[in-house]
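In the form predicted on its own, a lone chain appears below as C-alpha cells.
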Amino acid sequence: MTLCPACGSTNIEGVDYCDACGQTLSHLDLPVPATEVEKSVTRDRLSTLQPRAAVTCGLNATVAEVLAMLVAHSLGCVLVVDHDGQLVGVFSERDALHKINCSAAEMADRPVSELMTAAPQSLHCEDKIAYAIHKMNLGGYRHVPLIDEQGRPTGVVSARDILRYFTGLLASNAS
C-alpha cells in the first residue's frame, strides 16, 4: 500500500493518483538517485539548460523557406505551428536528410507540412531534465520542443544542451 503524502489516504501500490484527493503519486515510484549526477538530472528543470528560443514557421511555409531558416539561424529544427500558434510539427535536419536528401530543388516549393514530423512529443520549461532525456532516448529524438500552457512553442532543448549540462556536472563533481 502507498500512503498519500498530501492527505494520508492509503492507495493501492503503483497507482498514479490518490483515490481520495487526486494528488499525483507517480513520484513515489521513482528509484532513489545513487550519484550526484543522477540527483541533479532528477532535480534540475529544463530552464536550467537555458534552452534556445523557438523558431517557428506556418504549415504552408515552403521547404526552401524552412531550409533557409535552418541555415540562417544555425538550427537543428524549426517548429511548425498552426494558424493559432499551436505546435503541430517539427522539421529537423534529420527530416531534411532522410525525406529530401538530394531532391531539395525538386521539393523546394512543397509545404513543410508534407514532410514535417507531425504531433511531436513536447515538454514544459519547468519539467525535469530527466524527462527530456527519457523522451529523447525512447523516441530517438535530438530535439524536444518546449511549449507553454496553451500549447504554443517557447523553446527547444537539444541533445547538445544536455551534453553541455552533463559536461558541466562532471566538471564540477571532479573538483
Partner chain sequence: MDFQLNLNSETVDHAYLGQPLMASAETSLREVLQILREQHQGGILIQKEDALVGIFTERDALRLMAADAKGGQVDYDQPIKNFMQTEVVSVADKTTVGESIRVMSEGGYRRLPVINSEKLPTGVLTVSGILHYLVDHFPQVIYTLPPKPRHAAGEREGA
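Take the two forms, find the largest set of C-alpha atoms that superpose within 1.5 Å, and that set is the rigid core. Positions refer to the first chain, counted from 1. These figures come from a predicted structure and were not determined experimentally.
Below: the form predicted in complex with its partner chain, not depicted.
Using heavy atoms only and a 4.5 Å cut-off, decide whether all three of 82, 110 and 116 touch its partner chain in the predicted complex. Zero of three within 4.5 Å in the predicted complex.
Among the candidates 28, 64, 59, 54, the residue which, in the predicted complex, approaches its partner chain to within 4.5 Å (heavy atoms): After the contact test, the surviving option is 64.
Would you please decide whether residue 49 lies within 4.5 angstroms of its partner chain in the predicted complex, comparing each non-hydrogen atom pair? Outside the cut-off, so no.
Decide whether residue 150 counts as a contact residue for its partner chain in the predicted complex under a heavy atom distance cut-off of 4.5 Å. Taking the distances in the predicted complex, the answer for residue 150 is no, it never comes within 4.5 Å of its partner chain.
Is there a heavy atom of residue 10 no more than 4.5 Å from a heavy atom of its partner chain in the predicted complex? It does not: once its partner chain is placed as it appears in the predicted complex, residue 10 has no heavy atom within 4.5 Å of it.
According to a 4.5 angstroms non-hydrogen atom cut-off, is residue 15 in contact with its partner chain in the predicted complex? Outside the cut-off, so no.
If you look in the predicted complex, which residues in 86 to 103 sit within 4.5 Å of its partner chain (heavy atoms)? Read in sequence order, the residues that approach its partner chain (within 4.5 Å, in the predicted complex) are 93, 94, 96, 97, 98, 99, 100, 101, 102.
For residue 24, is the CA shift between this form and the one not shown at least 2 Å following rigid-core superposition? Shift of 2 Å or more: yes.
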